[in-house]
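This document opens with one chain alone, in structure tokens, the form predicted on its own.
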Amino acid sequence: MIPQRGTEFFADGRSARPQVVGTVSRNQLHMDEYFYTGLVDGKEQDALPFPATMQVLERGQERFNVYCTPCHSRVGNGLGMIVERGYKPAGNYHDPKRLAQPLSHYFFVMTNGYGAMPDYSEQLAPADRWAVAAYIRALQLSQNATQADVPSGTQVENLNDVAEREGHPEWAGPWELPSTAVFATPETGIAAGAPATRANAPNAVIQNPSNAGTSAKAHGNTK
């Protein structure tokens, strides 16, 4: 057959045959609407389509650090390097507006873009977009922690002490953090209400005694 030419071989006179009814292109059988759109009946939801395991959060952190930090910074305060060099200010995940947004809003924005932010659907597969959304929520929790969020009996250490013990350089700073930031200190456990700069807010890492190989930092500068 010659493309786009007619034929007498088929009764409808077409050489190109129509697709079978119900045909779906490879990788486009999106049966789970929420997983692929972040919407249920056109509305955003405050839920992940799968469990937020540590593996999911670690994947979200890795992808966030690659694609999101240039604008939003490592702690998600919207003061990334290209913003400081003149790009339009990025969203601060710790302001009241973003804290009130449902989880799937972040997935939806990564999928479709919003304002000056382009979509990242080519760079991030749907599962990775959800993982990043989960990590953004973890960043929000880390910057608004209270003493009640620290499990009873948990050891709290100064991050610079941990770095020295493990042979790493002292953590660099300062950088601006949201004014609601709460920092753990070895002297007081949790200290709240300090000005939001690294210059006067000690870093800390909260270690789980039941798993010495796992630690969760009391701020957004996770590694």
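Quantities reported herein were computed from a predicted structural model and do not represent experimental measurements. Heads up: residue numbers just count along the shown sequence, starting at 1.
What follows is about the form predicted in complex with a small molecule, which we do not show.
J.: Find out whether any non-hydrogen atom of residue 74 is located within 4.5 angstroms of the small molecule in the predicted complex, and reply yes or no.
T.: Result no; residue 74 lies far from the small molecule in the predicted complex.
J.: Answer for residue 106 alone: is it within 4.5 Å of the small molecule in the predicted complex, judged on heavy atom distances?
T.: Residue 106 belongs to the contact set for the small molecule.
J.: In the predicted complex, is there a heavy atom of the small molecule that lies within 4.5 Å of any heavy atom of residue 159, even though the partner is absent here?
T.: Judged by the heavy-atom cut-off of 4.5 Å, residue 159 is well away from the small molecule in the predicted complex.
J.: Indicate whether the small molecule has at least one heavy atom within 4.5 Å of a heavy atom of residue 85 in the predicted complex.
T.: Close contact is absent here: in the predicted complex, residue 85 is far from the small molecule, nothing within 4.5 Å, heavy atoms only.
J.: Identify, from the list 99, 125, 141, 116, the residue with a heavy atom within 4.5 Å of the small molecule in the predicted complex.
T.: So the residue touching the small molecule in the predicted complex, by this definition, is 116.
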